[in-house]
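Okay, so here's just one chain, in structure tokens, the form predicted on its own.
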Amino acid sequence: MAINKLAWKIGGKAGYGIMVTGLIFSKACSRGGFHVFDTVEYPSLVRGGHNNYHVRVEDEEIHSNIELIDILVAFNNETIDKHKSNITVGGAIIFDSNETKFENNEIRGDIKLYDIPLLKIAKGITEEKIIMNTITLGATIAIIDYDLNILDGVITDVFRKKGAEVVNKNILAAKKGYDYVKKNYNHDFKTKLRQISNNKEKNKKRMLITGNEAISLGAIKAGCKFYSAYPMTPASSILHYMAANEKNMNLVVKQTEDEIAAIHAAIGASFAGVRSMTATSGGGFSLMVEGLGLAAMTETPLVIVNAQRPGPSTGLATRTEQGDLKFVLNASQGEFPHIIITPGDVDECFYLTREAFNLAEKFQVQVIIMTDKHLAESHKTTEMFNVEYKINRGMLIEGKQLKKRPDGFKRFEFTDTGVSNRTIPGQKNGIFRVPSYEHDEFGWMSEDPEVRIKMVEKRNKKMVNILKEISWPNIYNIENGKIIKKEIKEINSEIDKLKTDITIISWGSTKGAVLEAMKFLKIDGVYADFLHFNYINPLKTELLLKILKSAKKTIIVEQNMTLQFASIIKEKTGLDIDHSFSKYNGRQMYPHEIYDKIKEVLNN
């Protein structure tokens, strides 16, 4: 019998509460002391289509979901047809045979069938059919022998705003589902969840949080006071989160008429001295590109989030991919410095977003945070964030710092670093011009060739110091069954330690699947290093060169067809990665896919 390891999935049509039910189950498991990772899939439809919510639960930290399912909650035949092949040996299906009909020979004989009259039970409680979802939660708790009181607590919190009647009906529904299973089925299911209460984990508080929520918290902690956006999946939940916290966090949040207005509103707010952010997906970022160039020419600090989804055009509006990297790297006409940050998990979403605001203001550049639908919307349990943070506003001067100059304030003054003093508009002795046209140190438009050369070089000087400022990529290993993280600079003198069987390279949200694959590889006696990049522009290359030259074998993992990051590495280092694994079907990367590819590479 497996203890404290479970993969659970609920599926049905859009509009039937699949997402809320999945989140309730994730929260219930998290409150029992477990680590949770969940993912959600839905089509680009308001109602209908197939929705599913997949929750993985373990007592050790997990970084990615897996395709396997121990318990499948099916509200229609489509859910069974799509997912029955992924049900583990001895797994289970919860369903209502009055609503979901299938022949027994359609299902493997080892799968346990929990036929529960969900609709009948629901009608005994309320006219709302959607409460069937809560009945299945109670049934699940009974099957895995978990604590129903924990579920009741989550239900209370989730439905509290809807009033005591709604809360009580849902608690009753969960109890009826629980009791039906206990009364009508034996209790020898292969998986049990035992609340973690007798070890050091007992009093440890964890959050269950998505990438978009972590980005929002990071922005708020960094002092972001203005957020503008037009809704676009999968970035929309940042807008929702910021708007929900607008009053209590003293923010200004604007839903603009389109993405063009969104970036220009954020530029205007930043120009006025406020830390500002906007977010969108690839299609919206396409509309923002001209505004990005304006921010670059005016050297206005700005943080932009691009939550990727498959393109081109509308593409797959609710799916995931990493296809925008080269587009973002080369966005807008001309040459100018900007920073690309690629967090790989919810912790990095928080901490790197905070860092993005400091970098933007210190170097007066635009920082683009690249996530994707998978990272943006998946929940993961993590420790409480460290809230210690020091705001660095760079060369922002005002008041008495602005000394009167006979020739005026040089907003774009030539300096050794390329960074000039800036000030909030309206300051005495600090009046300046900010055109989109090429200009001189004062902001006066200029077509003088010498001025043009100096200004291009001034702006691009910043990259030298940005490169010194940003963190190194991290190396991950498995030691004694635990994931160990080291910064590359810590092991520069011990580069031979990287000579394991294979070195894996990736960026962004593929990080979690790679880490889980490494666990499986270690069980097979395969030792792997993992080099994960959080900063792609500028790219630290010195030690990357050493690693690529010293590694026995290298493989890059990306969610795009053309291996965009591999080509950037080739451009910067002149070296090729030995092998690659790419996925671009719009679905998340799974650990077993990486595992299978690496085993294939090593066996060959």
Partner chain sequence: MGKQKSSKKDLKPEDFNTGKKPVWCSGCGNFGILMAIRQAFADLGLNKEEIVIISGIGCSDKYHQYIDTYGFESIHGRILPVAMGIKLANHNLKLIAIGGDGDGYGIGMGHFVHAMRRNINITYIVCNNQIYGLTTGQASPTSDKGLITKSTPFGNLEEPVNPISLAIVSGATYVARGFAGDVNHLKKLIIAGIKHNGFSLVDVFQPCVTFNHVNTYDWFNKKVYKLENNKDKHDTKNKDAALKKAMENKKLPIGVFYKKKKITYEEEVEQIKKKPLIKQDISNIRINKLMNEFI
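Residue numbers count along the first chain shown, from 1. Bear in mind the structure is a predicted one, so any value in this text is a computation, not a measurement.
One more form of this protein exists, namely the form predicted together with the partner chain; it is left out here, but the text below deals with it.
When you look in the predicted bound form, the only residue of Asn149, Ser436, Asn104, Ser85 with a non-hydrogen atom within 4.5 Å of the partner chain is Ser436. Residue in contact with the partner chain in the predicted bound form (any heavy atom within 4.5 Å), chosen from Lys458, Lys225, Lys190, Lys522: Lys225.
At a distance of at most 4.5 angstroms from the partner chain in the predicted bound form, none of the three residues Ala14, Tyr114 and Tyr180 contributes a non-hydrogen atom. Contact with the partner chain in the predicted bound form, defined as any heavy atom within 4.5 Å, is confined among 507 to 515, 240 to 248, 75 to 83, 89 to 97 to 240 to 248. Thr298 belongs to the set of residues with a heavy atom inside 4.5 Å of the partner chain in the predicted bound form. Although the partner is absent here, Leu531 lies well away from the partner chain in the predicted bound form, with no heavy atom inside 4.5 Å. Contact check for Ile424: a non-hydrogen atom falls within 4.5 Å of the partner chain in the predicted bound form. The closest non-hydrogen atom of Gly282 lies beyond 4.5 Å of the partner chain in the predicted bound form.
Interface residues of 260 to 277, taken as those with a heavy atom within 4.5 Å of the partner chain in the predicted bound form (partner not displayed): Ile260, Ala261, His264, Ala265, Ile267, Gly268, Ala269, Phe271, Ala272, Gly273, Val274, Arg275, in sequence order.
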